[in-house]
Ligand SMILES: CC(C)(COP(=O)(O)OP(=O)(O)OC[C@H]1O[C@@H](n2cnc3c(N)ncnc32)[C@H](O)[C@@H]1OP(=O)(O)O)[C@@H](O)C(=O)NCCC(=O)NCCS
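One chain comes next, on its own, written out as structure tokens in the form predicted alone.
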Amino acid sequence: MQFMSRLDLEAFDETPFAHVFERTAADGYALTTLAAERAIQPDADQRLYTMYYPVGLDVPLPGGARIDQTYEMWRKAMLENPNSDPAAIFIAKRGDEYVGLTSLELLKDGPAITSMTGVSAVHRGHGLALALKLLSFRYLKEHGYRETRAQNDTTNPPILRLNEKLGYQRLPGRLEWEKPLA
């Protein structure tokens, strides 16, 4: 089952989580945006996709589906989407290696949507997903958003726990059934 969660950004206080930035830095990670990376890395888009692809395969979806996109499909969905902004795609990196991301869809007449948060398997456990989400909240507040939403599947406990820890409130869910016709 998938459901949407919402977070009231006006009421959100990042103070209890602020330590995560010191932790990630102490562990050798830097946080940036795709916009900043494009200024110094001519192949930033391709490098982000190279990190994104295996992370996307880890995301559980209804019916056992997986995010399995070619570079062109990913580019169209994430980078060429009219609700996308490279300054709203947050990247965690260690040295020159991209190891995590949070990307936002900036809806013109609605809340922002976190379209993806993920960290490469070998870099999990360092607080990167939390740090990236916090950066996205700062960005959204600076740009006048009062609410952010995330859509998750009930089969993704790690992101559900993180969203709950941050104070997301579940909205009514939806159930999907599939019946083979043959």
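Bear in mind that the values here come from a model prediction, so they are computed numbers and not experimental data. Residues carry their position along the shown sequence, with the first being 1.
One more form of this protein exists, namely the form predicted in complex with this ligand; it is left out here, but the text below deals with it.
Of the candidate stretches 42-50, 139-147, 109-117, 29-37, only 109-117 has residues with heavy atoms within 4.5 Å of this ligand in the model of the complex. For the chain shown alone, Pro16 is not a contact residue for this ligand in the model of the complex, no non-hydrogen atom being within 4.5 angstroms. By the criterion of a heavy atom within 4.5 Å, Leu134 is excluded from the residues contacting this ligand in the model of the complex. The closest non-hydrogen atom of Asn156 lies within 4.5 Å of this ligand in the model of the complex.
Remark: Arg170 does not count among the residues lining this ligand in the model of the complex, judged by a heavy atom distance of 4.5 Å or less. Shown without its partner, the chain has Met116, Thr117, Gly118, Val119, Arg124, Gly125, His126, Gly127, Leu128, Ala129, Leu130 in segment 116-151 as residues with a non-hydrogen atom within 4.5 angstroms of this ligand in the model of the complex.
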